[in-house]
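Encoded as structure tokens, the following chain is the form predicted on its own, with no partner shown.
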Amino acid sequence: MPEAGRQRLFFALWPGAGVRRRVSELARRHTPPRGRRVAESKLHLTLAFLGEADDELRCCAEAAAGVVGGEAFTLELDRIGHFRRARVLWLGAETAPPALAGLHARLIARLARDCGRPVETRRFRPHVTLARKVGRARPRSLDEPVAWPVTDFVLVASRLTPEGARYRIVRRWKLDGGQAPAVLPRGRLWDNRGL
């Protein structure tokens, strides 16, 4: 249980309703019977995981994200894969756009420099988790990729409950050329159910 004033935070790409519906349908079609599908309202692509964070780290992370910048882009989700050890079925891109790799690299570097967060050493493998507890799954390419127009990125607070994680979007940053709302006013919290 986190201490008062602390919360689990991560940066993510959060899909709009149309993309979420398409990804959720793919999860329904490709998850083996014993797998546990991720709820449609929780589908996202993690950019950087901060873990337990106090108010000081949250403020630092928000400031760092505010100067990261980047261009809006389209992410073509065209491949279903499986992380065997983690037992996760995922949807990702055969080739991630340079704008996504750049956004991730700038965000990680800025968090390390400004907030003292360690730089991620694992290779960035952008994906949306479709299902958990999947023992086996055959990787495959999709005949009809999901085109995800990425116009912003978000900071998300995660709270673990007996029913699973609950996510709340804390703040949003628009990418250049995107049509998403700019940064949310301080103190205003969005629940992902309304997106």
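The first residue of the sequence shown is number 1, and the count goes up from there. Everything numeric in this text was worked out from a predicted model, so none of it was measured.
Not pictured, yet referred to below: the form predicted together with a small molecule.
Participant: Heavy atom within 4.5 Å of the small molecule in the predicted complex: which of E120, E71, D114, E94?
Facilitator: Contact with the small molecule in the predicted complex is made by E120 alone.
Participant: Name the residue from H44, R58, H30, R37 that puts a heavy atom within 4.5 Å of the small molecule in the predicted complex.
Facilitator: Selected residue: H44.
Participant: Please name which of the stretches 139-147, 63-71, 156-164, 22-30 has residues with heavy atoms lying within 4.5 Å of the small molecule in the predicted complex.
Facilitator: The contacting stretch here is 156-164.
Participant: At 4.5 Å between heavy atoms, is R132 in contact with the small molecule in the predicted complex?
Facilitator: R132: contacts the small molecule in the predicted complex.
Participant: Even though the partner isn't displayed, in the predicted complex is F10 close enough to the small molecule, meaning a heavy atom within 4.5 Å?
Facilitator: Close contact exists here: in the predicted complex, F10 approaches the small molecule to within 4.5 Å, heavy atoms only.
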